[in-house]
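First, one chain by itself in structure tokens, the form predicted alone.
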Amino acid sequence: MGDPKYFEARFGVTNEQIRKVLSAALERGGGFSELFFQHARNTGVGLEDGVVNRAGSSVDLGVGVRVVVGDRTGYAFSEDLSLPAMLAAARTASGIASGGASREPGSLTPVRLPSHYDTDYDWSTVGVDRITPVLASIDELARRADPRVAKVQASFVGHQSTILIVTSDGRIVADEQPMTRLGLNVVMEQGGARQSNSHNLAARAGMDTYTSESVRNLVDVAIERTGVLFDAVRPPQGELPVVLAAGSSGILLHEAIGHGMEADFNRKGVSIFSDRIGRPVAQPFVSIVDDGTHQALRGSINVDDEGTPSERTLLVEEGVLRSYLHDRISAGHFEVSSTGSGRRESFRHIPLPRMRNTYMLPGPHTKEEVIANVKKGVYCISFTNGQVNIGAGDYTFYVKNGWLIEDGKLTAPLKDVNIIGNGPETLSRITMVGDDLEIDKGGWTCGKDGQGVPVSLGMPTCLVSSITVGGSA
């Protein structure tokens, strides 16, 4: 876990000051208040064609003050951690959400957390001199891998976020959150034509995540996904069976289905799942979880941004919808416990119910059995540029890499594929689920209400009996 005294040692924020700020936040009758302190440090380096063309670092520091009265929220933040500035933010938040008599915060007690990543690591101590050799090796490996490679762009991010959450019921929660992402984009030329594609790797980990094996795999996947596009054909069009490949196909699960299970959309009656708790939403061999406790995954958290420890939440169990993803407000509304899903982009933002690591559990079939059951259809490997109507669940996704399925076999790579459907309808049309669950380790960021948070996702191979497939010029 993090150090509860970090903000006192570095910035002079004492427990006495924190109690004064919480008291100010509650002075107009708030039912609950919290302070969210954050000190974030970020390093970014980019390399293009063997030359480092950008490098930079940034620091962000501040506190967010939230006051909650029922379903109402008052929020204000300060980039100044002096007591007068924090008190001003607290009184602003208190004025937005007020009601009833003032109250005093409880006695402050640190809470120990489980550890799902290395909280002793500190990316702010890693210099550019340790990063550039990794980027240079990517450039060299990519150019050696295929003579068609014309351009190489590699990028690196190392991020460290130190947070302290103090609640009016007396909880003090501290966490150190490392994060890193390594990305590669390649352009290849063949016969006067050009194709481009990319791949990336991310984790809540340190430099040791970038082994020679992981870096080589990053390059190999990017090269393979780019080179195959030269032989790709346009897809058939119409209502077709679609096989979703294990791994990054989980983006469709995340976007088209997962958002609809976030409790704020259901509390407001916006989601199509709003009245489906305890009812079947899929076949009995379909189960879906959102789990923030996987070791070192990008979407893993020791604690959510309200101070609730992370957990494994079973959303769909053997086809039946069992739970939504709850933050404190929605948990109170539905009279259940928070699932540790209250997340925010930074101290400038209010927490919202958000996903962490979302994936479908393995099913009873092999990948070969799933593909063999398709007479004519599409096998989707990687997706980009998805758009989703969260309320209804309608979606459209561009498939960057895919294959044509004919008579139960993969016969030709595809390009310019769009799939269009409805998330809950697609969920109900899953007729086979493979036993090959793969959690994608890419650098996924989920957007909602103008906030971005890191997530991971996954999928076993699965067959959807019918999705609209279209081409694109």
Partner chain sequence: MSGLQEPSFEQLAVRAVEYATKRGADEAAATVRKGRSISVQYRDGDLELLREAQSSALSIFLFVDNRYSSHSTCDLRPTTLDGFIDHAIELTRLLGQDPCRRLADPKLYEGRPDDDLEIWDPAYQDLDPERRKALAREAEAVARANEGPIISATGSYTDQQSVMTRVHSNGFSGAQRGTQFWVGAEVSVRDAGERRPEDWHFAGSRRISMLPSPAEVGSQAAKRAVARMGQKKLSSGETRVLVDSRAAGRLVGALVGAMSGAALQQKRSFLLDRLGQRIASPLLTLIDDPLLPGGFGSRHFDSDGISSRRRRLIGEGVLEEYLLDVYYALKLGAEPTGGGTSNLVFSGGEHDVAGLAKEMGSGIYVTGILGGNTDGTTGDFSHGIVGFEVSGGSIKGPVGEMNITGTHADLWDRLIAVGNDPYPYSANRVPSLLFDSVAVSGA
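Every value quoted in this text rests on a predicted model; they were computed, and no experiment measured them. Think of the rigid core as the biggest set of C-alphas that the two forms share within 1.5 Å after superposition. Residue numbers count along the first chain shown, from 1.
Missing here is the form predicted together with its partner chain; even so, the following discussion is about that form.
Just one of 318, 311, 369, 394 comes within 4.5 Å of its partner chain in the model of the complex, counting any heavy atom, and that one is 394. For the options 218, 388, 303, 380, the residue carrying a heavy atom within 4.5 angstroms of its partner chain in the model of the complex is 388. Checking 206-214, 345-353, 246-254, 161-169 against its partner chain in the model of the complex, the stretch whose residues place heavy atoms within 4.5 Å of it is 345-353. Residue contact with its partner chain in the model of the complex: residue 270 places a heavy atom within 4.5 Å of it.
At a distance threshold of 4.5 angstroms between non-hydrogen atoms, residue 74 is in contact with its partner chain in the model of the complex. Taking the partner from the other structure, its partner chain in the model of the complex has no heavy atom within 4.5 Å of any heavy atom of residue 137. Its partner chain in the model of the complex is approached by residue 471, whose closest heavy atom lies within 4.5 angstroms of it.
Using a 4.5 angstroms heavy atom cutoff to its partner chain in the model of the complex, all of 53, 194 and 420 count as contacting. For the partner-free chain shown, 185, 187 of 162-188 come within 4.5 angstroms of its partner chain in the model of the complex, judged by any non-hydrogen atom. With the core held fixed, the Cα of residue 125 is displaced between the shown form and the other one by less than 2 Å. Taking 2 Å as the criterion, residue 387 counts as shifted between the shown form and the other one: its C-alpha moves by at least this amount when the rigid core is aligned.
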